[in-house]
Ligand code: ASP
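Taking the form predicted alone, here's one chain by itself in structure tokens.
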């Protein structure tokens, strides 16, 4: 029998209304079959584990990612797939981070959540949970998983975790993957997009996890009218090893000499500078326009069509693995977990 572990970390999906106080409280995931009786129709063994206390996704920190990765590692041999219930606000960060931390992953790790508590009448949580479990348990004819990746399922669509962004705080369709196709779509049947799914070249490798996370990363968001003082404040942060610059369009920045001089100085001081576009869709291309070419000449590294969430967490992961920034610079241009599309 296929075994699936549900991991409730926190978030709206695990809430229901208390009949006495009428307030929203977490329900007991140890009684998941009682709360969601539809799950009894699966020919599966389903267990549940709850973080105690539950974590509001706005409070997610590196220690949470380590705990989650260790939990999956410690239960990896016992289960065929994992469903992680997580608040939507930072789900894209967590899915991206876990995609890097879980090395040699050969089983599904499906993040999901909801916009309304699972105990409410119009909830989207029930369908998200049921479909996520079915995906986590799905196998190909040869017995290998359909989706041996960290992914996000929301509102009938399955995305690669490190290609996903939250784009709506109001609608049930809360996530998008602007630069990568769906891994699967749930209708009457769950239709897997096999060419888009990453499969290991050979199977049978043991899972390992990387738990050293280095968060010495700054973010410089460009905007018209920004001052040298603002840029200096970001670039002068103590002990910073890397900076993510959120640029315009396909990786462009103002051509102000003072800005380029400050970025050049940061690079010369050994700080890694990564270029991520502010656009939801599209890619950084520092070979097209003069300002992009200027950034490339002073050592700025392209993140191509990575999401902001993926670029930041990839830095956390690589900086944790390597003390030498020159190695990190090389690794940033490598497609480690399908996090970007390089032409």
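Residue numbers count along the first chain shown, from 1. These numbers were taken from a predicted model, which means no experiment stands behind them.
One more form of this protein, predicted together with the ligand, exists but is not displayed; see below.
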| query | finding |
| --- | --- |
| Residue (of 88, 252, 179, 123) lying close to the ligand in the predicted complex, criterion heavy atoms within 4.5 Å | 88 |
| One residue of 283, 50, 57, 291 in contact with the ligand, assessed in the predicted complex (non-hydrogen atom, 4.5 angstroms) | 57 |
| Partner proximity in the predicted complex: residue 132 to the ligand, non-hydrogen atom cutoff 4.5 Å | no |
| Non-hydrogen atom contact residue 99 with the ligand in the predicted complex at 4.5 angstroms | no |
| Partner contact for residue 114 in the predicted complex: the ligand, 4.5 angstroms, heavy atom | yes |
| The ligand contact at residue 319 in the predicted complex, heavy atom, 4.5 Å | no |
| Interface stretch in the predicted complex with the ligand - options 140-148, 88-96, 257-265, 194-202, non-hydrogen atom within 4.5 Å | 88-96 |
